[in-house]
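What follows is a single chain, given as structure tokens, in the form predicted alone.
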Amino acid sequence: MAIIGIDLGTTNSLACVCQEGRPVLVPNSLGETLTPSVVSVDENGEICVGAVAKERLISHPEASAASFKRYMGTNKVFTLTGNSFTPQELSSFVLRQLKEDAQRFLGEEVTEAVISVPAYFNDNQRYATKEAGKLAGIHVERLVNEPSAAALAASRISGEDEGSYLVFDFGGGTLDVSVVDYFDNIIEIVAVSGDNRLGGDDFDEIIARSFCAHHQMDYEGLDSQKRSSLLRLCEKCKQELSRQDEAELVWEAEDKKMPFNNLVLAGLGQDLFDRISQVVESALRDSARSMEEIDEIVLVGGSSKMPVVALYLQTLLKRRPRIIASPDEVVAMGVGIYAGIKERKEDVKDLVLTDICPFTLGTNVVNYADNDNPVMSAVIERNSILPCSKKAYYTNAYDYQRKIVVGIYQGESFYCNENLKLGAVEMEIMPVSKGEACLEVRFSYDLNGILEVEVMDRQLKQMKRKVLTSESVRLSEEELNRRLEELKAYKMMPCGGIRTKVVLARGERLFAQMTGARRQQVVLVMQKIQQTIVGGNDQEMRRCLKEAQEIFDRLEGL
């Protein structure tokens, strides 16, 4: 049974396999490699994933969801026509679709996958990704940081024997920046930094807010259908600005329009560029490298194709970034190669991919000035090479304490309360004078993102061991299995007739967006498709769909 690589993205997701030492992207039922990370529940209660669901974001906003990856590892719930789903459950539908596409492509069962995650995903977000895999019926032992996967693909594609990369991974919802070395078949991550709430979606929103301000409209007051429609138009405007310097945003349903160009977009995005700068500078600072020691700036992620982003990086770093492979596909290619490594395939088995801990892991120590606000004591520093095991020693803070609670935290803030609490280990100790007790605390963090904590009382020779979980956002094994069975009851839309469904969904979206004569054209096209469906002639259906796509392209100005 094959192991596949999956790039589970905020905007699009891809599957990849390793064949003869090379990454091969898996086509979906439309013959495309990019599957939009969008889920919708249709009128029959079936789950739509991908292109059909993306079209339904506007025509059926109450039944559709996108960008849910931004909320992985949180308690957020999405309600689609009365059905409640967590972000990892929605992600599991995307993974199920990719799994089915891969099985059809390979002609064999797929039970295991390697999945990419943003390097700056915290422990809860990584666990939620694995949980999504289990809910999709896929075993996920290994997660790979997206920049690591990109560097792995870049090193194979470039053919260079060694090099140092600054990988700028800018997707729809997340930004990761990594410094990566490649030498002697070893990919070594030196430093990472990131922002899990910064991506191309934010540029869509600033365009939308500017458009609303220009027309004296209240962006916050738009209903879900209007907001979805406007953001889709803003995404299209942004994409046009990636191909040309000027574009016009036309919202036909509201009879409003506004010209945009890259200079305007650069001005609107200044706050976003400032956040980008902080992430880039943090990665370079942690790597102790100067730009003179970096061989290439590698652009990854669909949003890195924006000219304003590439120009900003060039201005910031005094170096022109390079696109080694399609930014949309390079992470998936790297994960596919890693899946081949995990399968011990002959052509790639000698490649070694090292990884690092993206966040500091530590425990709480007493803040005598404010007992309710303990201070963070680092045990494993961020950017430590994995697997990693380190220990530290602590004592009692007060006379005759009878217990010490060793809190486990993840993050970079001085105060523990501002970091992510992963759990705690409580130890009974001998009631001795302040400073006389001695606890040895060991953190062990492995390549699969599992953190084990051991606390040893060196006086009583007693030890407690715990694998940390955050109960507030994680399901128990029993709950996970129960939810897995419940999700199986949701039927995935069959791949048969998918092109017809995509065209019909697009027609519904255009009907919602357009008015007047153009809307009437959409109605005529939709009626013809429906009549052709009733006729049941496959050849006529193909002709009708092609004609419909051409008309819809013309109406959208594509």
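All residue numbers refer to positions in the sequence shown, first residue = 1. Note that the structure is a prediction, hence the values are computed from the model and not measured.
The form predicted in complex with adenosine monophosphate (AMP) is left out here; the points below concern that form.
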| property | result |
| --- | --- |
| Interface segment, criterion being heavy atoms within 4.5 Å of adenosine monophosphate (AMP) in the model of the complex, picked from 219-227, 480-488, 383-391, 239-247 | 239-247 |
| Contact residue in the model of the complex, chosen from 134, 305, 256, 275 - any heavy atom within 4.5 Å of adenosine monophosphate (AMP) | 305 |
| Heavy atom within 4.5 Å of adenosine monophosphate (AMP) in the model of the complex - residue from 355, 89, 201, 123 | 201 |
| Contact test in the model of the complex: residue 188 vs adenosine monophosphate (AMP), heavy atoms, 4.5 Å | no |
| Residue 301 within 4.5 Å of adenosine monophosphate (AMP) in the model of the complex, heavy atoms | yes |
| Partner proximity in the model of the complex: residue 172 to adenosine monophosphate (AMP), non-hydrogen atom cutoff 4.5 Å | yes |
| Interface membership of residue 235, adenosine monophosphate (AMP) in the model of the complex, 4.5 Å heavy atom rule | yes |
| Interface residues of 6-44 toward adenosine monophosphate (AMP), as seen in the model of the complex [heavy atoms, 4.5 Å] | 11, 12 |
